[in-house]
Structures are given as structure tokens and as C-alpha cells.
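Given next, in C-alpha cells, is a single chain: the form predicted on its own.
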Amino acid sequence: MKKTFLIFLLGFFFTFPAMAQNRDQQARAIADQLRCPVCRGIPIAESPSELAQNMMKQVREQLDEGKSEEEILNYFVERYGEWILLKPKPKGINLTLWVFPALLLGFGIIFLFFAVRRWSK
């Protein structure tokens, strides 16, 4: 009985730091996708603001509750709006923001092709 308990205890102490480190990596990955409402240009994981630190705490708490990355991101989107995401999902009006640069580049290349062709004649 003592031997089994000792093995269990040793296993717990060796796996617990790995689990905590994995949770921190998950929290960091999620936090890198969320914009700081105060700083606006940086993720909450890098922001020194108190609000960003509270948001990081919420991310960790939700991970501890067993919520998935998508559930946590949806929580923040519902609370702050889609602008909280550093990379908005390509749907609806945001799809325009994803497609427009590619279309502009394509039209620019076509324009240059015909302009160079006309100038060379």
C-alpha cells in the first residue's frame, strides 16, 4: 500500500509541472490571438495593462474549467466584439478585408502588364 502511494505521489510530482507548463502554453497561444483593449496593437499576453492581465487570468480560469480554445475566444468576442481578435475570422464583412488585398494585387499586376506592353510599342 505504501509503495503504491509513493509511486502515485512521485508520478504526480513529475507530471504536475508538465501539466502546468502545458496550460501556460495553451493560455499564451490563446492570449496571442486577443487584442489588448487598452493598448490595441498588441496581444494581451504582452500587454502590461491591468485589464489585459485580468483577461489573461480569465483565459487561465476558463482553461482550468476545461473550456476549449474556440469557446474561450467566443467568450471574448461576445463580450468585446470581433475587433478583440487580432486576426478576425474571414467571414461576412471581414471576408472583404481578407480578399481585397489579393484582388488589388491582382488588378495591379494586370494593369502593369498592359501598361508595360503599351509603353514598349
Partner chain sequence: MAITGFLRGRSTRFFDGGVKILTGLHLLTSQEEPDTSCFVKRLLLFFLIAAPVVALLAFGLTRDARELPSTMVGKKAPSFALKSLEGKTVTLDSLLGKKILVNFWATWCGPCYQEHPVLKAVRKKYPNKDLEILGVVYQDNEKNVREYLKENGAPFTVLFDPDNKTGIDYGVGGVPETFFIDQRGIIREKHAGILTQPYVEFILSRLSKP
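Residue numbers count along the first chain shown, from 1. Keep in mind that what you see is a predicted model, and the values were worked out from it rather than measured.
Not on display, but discussed next: the form predicted in complex with the partner chain.
Using a 4.5 Å cutoff between non-hydrogen atoms, K87 does not count as a contact of the partner chain in the predicted complex.
Looking at Q26, you'd find every heavy atom of it more than 4.5 angstroms from the partner chain in the predicted complex. For the chain shown alone, Q33 is not a contact residue for the partner chain in the predicted complex, no non-hydrogen atom being within 4.5 angstroms. With a 4.5 Å cutoff on heavy atoms, G81 counts as touching the partner chain in the predicted complex. In the predicted complex, P37, V38, R40 are the residues of 26 to 44 with at least one heavy atom within 4.5 Å of the partner chain, listed from first to last.
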